[in-house]
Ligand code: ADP
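Starting off, we have a lone chain in the form predicted alone, written out as structure tokens.
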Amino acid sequence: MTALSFCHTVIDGNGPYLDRFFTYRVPPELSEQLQVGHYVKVPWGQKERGAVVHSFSHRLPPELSDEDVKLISGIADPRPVIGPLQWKMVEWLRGFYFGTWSEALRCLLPGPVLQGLRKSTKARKKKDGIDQPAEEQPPRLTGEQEQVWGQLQKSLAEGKTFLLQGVTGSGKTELYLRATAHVLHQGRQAIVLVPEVALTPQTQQRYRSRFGSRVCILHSGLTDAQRRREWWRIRDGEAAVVVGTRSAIFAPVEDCGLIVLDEEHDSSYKQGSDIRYHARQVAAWLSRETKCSVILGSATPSLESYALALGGRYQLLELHRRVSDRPLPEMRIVQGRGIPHQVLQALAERKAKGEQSVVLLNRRGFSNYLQCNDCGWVPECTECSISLTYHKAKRALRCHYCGAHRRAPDACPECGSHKLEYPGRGTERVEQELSTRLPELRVARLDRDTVGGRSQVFSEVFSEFASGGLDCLLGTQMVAKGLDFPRVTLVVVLQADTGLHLPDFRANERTFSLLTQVAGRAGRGEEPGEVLLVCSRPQDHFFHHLLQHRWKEFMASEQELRRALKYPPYARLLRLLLSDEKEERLEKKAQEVAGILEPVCHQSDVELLGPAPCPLERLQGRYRWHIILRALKVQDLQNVVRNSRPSLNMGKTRLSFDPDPLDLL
């Protein structure tokens, strides 16, 4: 290292002006210890900033003179934070998702880790009570599980991608655990992803009971100190299994042999800002680079993954029966609104038998909105083009997009009337109605208002539910996924058909998945399960497939529709999202961008759709327009953006790129 006089760094900061390498001179006293990937302190004007070392050189870049280059001030931590493989990933993220160097780097370095490096805070070594031995012995597999495990075990060392499609309760988790044990025996590591923080307590318990303190947890529900400590445990090689949510795909494992995405269909695996990565795509990249195997598991895989499996890109593995041949729950439609008497009766019957229930309503708050009965006034968010949701407990009106809130009025500000109505239902209102109409029912509500991202709330509620201290879990979709409670025999879904009416080509697929997943919480023990779907206008073809658990038939109809309309997986999409505080300036800029893209699209056989206002036209004080590019090959979309980007002068308008968007709202 002594001969390398200059290092090229990526500055830790925001802004497109930082999207390049900044060169510094290596002080002689640091030349022996400085390495690629070190987080260093560098002079920046009159202050210091953090930076990560990307590479070294003997000579200055030709555009710099000797007096332009300053000395590195020091090394924040003696351990490099980014290795050669991670730098390759940063470069791929920046190129595929059209981000900046610093945005891509922040995907790999969580905020708490960066904060510690900026302050030169050492990661604490306290183990927080997790130093436990592995105790649990694997259960016997069913015949169907044995067959699938044989196929998995034979190919795990080949770096394949498997799509494990198994009905709810069929034992997919046990296969994940065995595959993890297999790669650990080979001396490699594993990353296990779940879509929601709500699932980590149960998943954590299962993996730690099998692998002890070799398991590390990474998700946003941890405190900053906990996240920093867990990240450094992985970086220092103290953990062999990483369990976490979406961002755990970037855990600094040295030799990854297996990546598991449980509930792989879930949209939570897609990042919604900055680098809009999908954990499934990152896993595919890691598999290509490191020959690690990937298991995508779900009762209702995404149509994109299913099509790749049918085409031979993924190896399809199927589990058709539940463990112990338990029957799938009987699903019935209850036509009506609110909480029909039939639902209350079913909840009371389960309570009387000592059984448990789950109630899903995918809407928070007390009512959907507030409205004046005399003049029709409805309060809307001042920053977003959406009405405010009424929360009775704090008598507040809240926007669930930007977080803005204000006190609900006692009278209409438009006409002065006191005749205010609260139409619709949210989880808060349902909780109140259940406590009034079934006072003996012990109910716990789980949604973002009661949980607030705190993982200990999940753990406490789930522990109480598992011990029989609660009769009913009520919540949004966080109660629908992956939870395993043997005494749950009834699932109720209120407003079960609401998701079908969203302006999105994936609306039917998402609703089918959500209803199938929540239905799968019932009947996982000795007693059979029942599912009641409360609908106002059930669609015959959709519910016909759902009630009969006919996922393949439903997917066949979706495939036919998507193929005819040229939607994924039969085409690739790239969304350009423009936003501005000024509506007129945004519309003009959107038309200008489309004019630049159009001739390039024509040459590349890429279809341009738009520009048009987004369905949610205003969010967080900014108006939004989008342009959709569609082509058969992702390379054609990438080339259009790369060839057009130098001509895009955005001024005060923000432009972001979303390859393979999951949300068009």
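Numbers follow the displayed sequence, beginning with 1. Keep in mind it's a predicted model, so treat the numbers as computed, not measured.
Another form exists, predicted together with the named molecule; not displayed. Remarks below refer to it.
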Original post:
Would the named molecule be touched by all three of G338, R425 and Q432 in the model of the complex, meaning a heavy atom each within 4.5 Å?
Top reply: no
**OP:** May I ask you to state whether T516 is within 4.5 Å of the named molecule in the model of the complex, using heavy atom distances?
**Re:** no
**OP:** Spell out, yes or no, whether the shortest heavy atom distance between R276 and the named molecule in the model of the complex is within 4.5 Å.
**Re:** no
Original post:
Looking in the model of the complex, any heavy atom of P139 within 4.5 Å of the named molecule?
Top reply: yes
Original post:
Would V167 count as touching the named molecule in the model of the complex under a 4.5 Å heavy atom rule?
Top reply: yes
Original post:
Going by heavy atoms within 4.5 Å, which of 307 to 315, 248 to 256, 168 to 176, 569 to 577 lines up against the named molecule in the model of the complex?
Top reply: 168 to 176
**OP:** Name the single residue among D497, E330, D374, D484 that comes within 4.5 Å of the named molecule in the model of the complex, judging by heavy atoms.
**Re:** D484
**OP:** Name the residue from R214, R118, H545, R206 that puts a heavy atom within 4.5 Å of the named molecule in the model of the complex.
**Re:** R206
Original post:
Are there residues in 486 to 525 with a heavy atom within 4.5 Å of the named molecule in the model of the complex, and which are they, in order?
Top reply: R524
